[in-house]
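Given as structure tokens, the chain that follows is alone and in the form predicted alone.
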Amino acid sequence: MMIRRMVQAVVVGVAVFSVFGGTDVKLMKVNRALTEEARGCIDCHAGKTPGIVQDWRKSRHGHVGVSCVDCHSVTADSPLASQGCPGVRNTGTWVTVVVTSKACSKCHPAEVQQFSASGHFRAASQIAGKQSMQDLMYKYEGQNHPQFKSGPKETGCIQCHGTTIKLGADRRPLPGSWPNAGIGNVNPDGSVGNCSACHTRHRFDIAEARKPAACASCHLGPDHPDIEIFTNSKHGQIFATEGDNYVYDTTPDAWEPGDYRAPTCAVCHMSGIGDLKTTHNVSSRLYWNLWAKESKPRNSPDPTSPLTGDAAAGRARMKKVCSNCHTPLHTDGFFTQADKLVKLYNEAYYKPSKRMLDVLKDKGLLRENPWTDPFQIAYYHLWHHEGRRMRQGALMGGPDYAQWHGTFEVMQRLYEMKAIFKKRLQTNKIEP
């Protein structure tokens, strides 16, 4: 469907106020250079969901006349096509609640293409394809409950990772898969991705996506406390002091030092800076995979691979980011220090722990339920929690997470595992 962009649109709307039970409710009439169909959507939703219309009204979409039908309309043969909305029932218009990355690509093809080459692309399939994750969500966390075992997945995992969106007979999304804010949704039209994970609807604000909070809703907590690490870093210190005064709405590829003094997540991983172009491929400036059991340099063009990216090119790009504020001496020294800690984790902690795990497995000295086995719990925390903090703290300049929440705790886990390992080999049995 042709996008009805009326760039010449101007705001000539009026706002009418009513009082219901003492609460002011905005009933807006918006009259821009829009089609009758688009105005009908806006007028109806101004009464039914005024918050959505207010967001749209203040958005760039609203300013240039990109309306509800431009994003929500689909062809009649689309697997998403529905006339569940009373405003389009028995008309030639078909709409969907689920606006997919395919819809966004009509106007933002480069951004969607870049996203599709990134690690975010596999966010949903990554958990769907791992039996250990399925067991954790349903069997252990969900306790195999016949009615409610999917609760942990629906309220937790998919809200960041995304999932395969399921539709009912009326082609409207089912509550087992929607709503969710997951970035890697596999959509019924075959597309992958959820742009509103970072640019929340219906403002889709570039300034919002540039602030650390856009990343923090997923990149936090014991297993990957990236926002906490950022706060611990010198970049975060400056942001905490001055971030309210940054200029966040500068045009893409023109958001440069001066608009901000210290980078946010978006500056380092996505933004145009110096001679680097803006990218939605968040893997393109990375050298290591820091979240896996063992960190390896990235060496795959496949976005479904944990090693998606090009290590050498990624490091060169990230150094270009750093060069806008730091000398080569400073930047090279920083990465030499950080790489050393990643390699220490690999060689002194992960490999010894994995060797012990393999020996115990071969001898039948591991419990079937890993979450009741002190050795397997320690192994999991060593790589999935403390080990990630150790490595990510080093590469993001968060010393407390590299050290006390990282290396120190990894050390304790290793000693704990060695003690259990020694006892099981000596007794040839699992302790009660």
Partner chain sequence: MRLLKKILGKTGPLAFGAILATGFLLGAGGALVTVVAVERTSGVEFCSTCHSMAPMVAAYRIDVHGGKNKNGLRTKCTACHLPHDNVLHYMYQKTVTGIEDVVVETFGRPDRIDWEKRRSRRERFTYDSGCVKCHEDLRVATMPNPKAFIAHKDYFMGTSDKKTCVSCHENVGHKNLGLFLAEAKGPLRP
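Predicted model only: the values in this text are computed from it and were never measured. Numbering follows the first chain given and starts at 1.
Just so it is clear, the following notes concern the form predicted in complex with its partner chain, a form of the same protein that is not shown.
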| Within 4.5 Å of its partner chain in the model of the complex, do Lys211, Ser233 and Gln237 each have at least one heavy atom? | no
| remark: With a 4.5 Å heavy atom cut-off to its partner chain in the model of the complex, the contacting stretch among 76-84, 354-362, 259-267, 196-204 is 76-84
| Using a 4.5 Å cut on heavy atoms, which of Ile52, Ile377, Cys44, Val64 is close to its partner chain in the model of the complex? | Val64
| remark: Exactly one of Arg298, Arg171, His280, Arg285 comes within 4.5 Å of its partner chain in the model of the complex through a heavy atom, and that residue is Arg171
| said: How about Pro109 - does it come within 4.5 Å of its partner chain in the model of the complex, if we only consider non-hydrogen atoms? | reply: yes
| request: Spell out, yes or no, whether the shortest heavy atom distance between Leu366 and its partner chain in the model of the complex is within 4.5 Å. | output: no
| query | Is there a heavy atom of Ser150 lying 4.5 Å or less from a heavy atom of its partner chain in the model of the complex? | reply | no
| query | Can Ser191 be called a contact residue for its partner chain in the model of the complex at 4.5 Å between heavy atoms? | reply | no
